[in-house]
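Listed next as structure tokens is one chain, alone, in the form predicted on its own.
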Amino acid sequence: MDLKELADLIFPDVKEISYYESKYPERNLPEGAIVTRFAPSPTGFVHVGGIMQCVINRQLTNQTNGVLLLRIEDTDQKREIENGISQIVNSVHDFGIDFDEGMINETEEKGNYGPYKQSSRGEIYRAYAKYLIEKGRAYPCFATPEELEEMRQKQESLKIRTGYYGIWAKYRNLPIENAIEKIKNGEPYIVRFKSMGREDRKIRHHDVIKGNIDFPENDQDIVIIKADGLPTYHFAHAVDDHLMRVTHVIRSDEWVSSIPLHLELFQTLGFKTPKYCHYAPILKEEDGKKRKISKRKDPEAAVSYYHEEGIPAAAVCEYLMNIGNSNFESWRRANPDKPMSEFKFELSKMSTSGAIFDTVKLLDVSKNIISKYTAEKIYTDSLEWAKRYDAELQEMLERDKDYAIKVFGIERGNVKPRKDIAKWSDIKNSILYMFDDKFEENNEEYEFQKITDKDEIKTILKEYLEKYYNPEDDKQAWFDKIKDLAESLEYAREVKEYKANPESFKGHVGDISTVLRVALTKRANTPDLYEIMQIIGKDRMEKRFAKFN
């Protein structure tokens, strides 16, 4: 009896691996093109770290004329959720990222290197597992759960590493005829990889991001084909990355410890090893300590958080690029109007220690992004958000589209555009005072700041409407009349004039404009008062000012 007979018994009727090597040839791409993948499991929501990985992958493949593919790693089918693949595809698409190849929904895919769902690639994994058995580098293992638990307990009592390796690998050297007999007798088994490594020997690996790292060799005889016939992650990813001709594996550094095993798998299978690029995960600071951002603890770990808050996808991607490359922020300052796609991403400039997730910084980035939007885009995007999350805002925006766009147009297009909106969930509160019914419902107190005398406020409002307001005035003429009003009521026309001689005036022109602003909006800080007045108009101004008669 020989290894081929054993391999044929375990995997009858599978193709030779030469068939798959021919079916999935080297890609015809420009020199230096990067082929990489996003390979999630359909077991829950997409993590913000996954979006960061996609942002990086997309940037690198675009700038090298490469390929970004979506591979679904669904070998742990007990944990799958309904429509998990569609959720992944849609979540990533919501951030402006689409894949060149891979799954496009639960059942459909695009590309010539599929299937792109691991559960559909069983015959491929069986072919390569059979090849390893024929080479003497894989074997059937008949260890029962009870045997494995007993082994683990003995290892723990001896205070040594747990696992299936060395003298603990009970079925590693089982004679071929015995293995065949057990299989023919119907004994359950799985297939294990036969490692040739030794923990007391070291290997050195060069990681594109982390540099040279020394590891003990892998000596674990890992499972490669489970009892249900599906492969384990470690084996499947090696076969898939090879046949899909992946050049770079870009992933979180939680996988660094797997490098010795993955290198041995690639070498044993005769595959060219891709370049591994392990980046530090996004961190959170808690009680003075740093930890990985957590699905369980941190709402911002889920992509749904950004949709619910109304933070534009472009802002999230730009913020993640800030985290991803240390020189992006300086590039953005030097190129404020260029698309992010023109930035040259460099793996060597990724952090090896991890960046702290900074909500304040994210919202600052978002303010900058939104400040460059047209009023029409703000209207469209905020309405789209409101349809999902805020029915009241939706009604406000839809009752008069042209009016809403005028409201969003205040101070838009200036040399220094306003940066008061960080997310669509800010919108409603920022524009409530521009809608008469919402203004009336607002029970906020009028905070006039320096001028608080009711008769003085009444006089300012009455004088302005009767003598100084003219809707035909341009902004300069309008402000000159505010100064005239200030002067007529013994306030300084200029702030610097008041500061030079405060005892000669009741206040200055800024105090007068504050009274007008607060009476009109109930707010001391708003966008440009002239533009607000132009939109509201005299009749509505009179109604609001009438409260002080």
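The structure displayed is predicted, hence computed values, not measured ones. Quick note: we count residues from 1 along the sequence shown, nothing fancier.
A second form of this protein, the form predicted in complex with a small molecule, is not displayed here; the remarks below concern that form.
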| said: Counting only non-hydrogen atoms and a 4.5 Å threshold, tell me whether Arg412, Pro527 and Tyr530 all contact the small molecule in the model of the complex. | reply: no
| query | Counting only non-hydrogen atoms and a 4.5 angstroms cut-off, does Ala486 reach the small molecule in the model of the complex? | reply | no
| task | Spell out, yes or no, whether the shortest heavy atom distance between Ala39 and the small molecule in the model of the complex is within 4.5 Å. | result | yes
| With a 4.5 Å heavy atom cut-off, would you call Arg126 a contact of the small molecule in the model of the complex? | no
| field | Contact label in the model of the complex: Trp255 to the small molecule, heavy atom within 4.5 Å | value | yes
| note | With a 4.5 Å heavy atom cut-off to the small molecule in the model of the complex, the contacting stretch among 247-255, 438-446, 291-299, 324-332 is 247-255
| Option touching the small molecule, based on a heavy atom within 4.5 Å in the model of the complex, out of Tyr403, Phe271, Tyr389, Tyr233 | Tyr233
| request: Find the only residue in Glu318, Glu73, Asp219, Glu101 having a heavy atom within 4.5 Å of the small molecule in the model of the complex. | output: Glu73
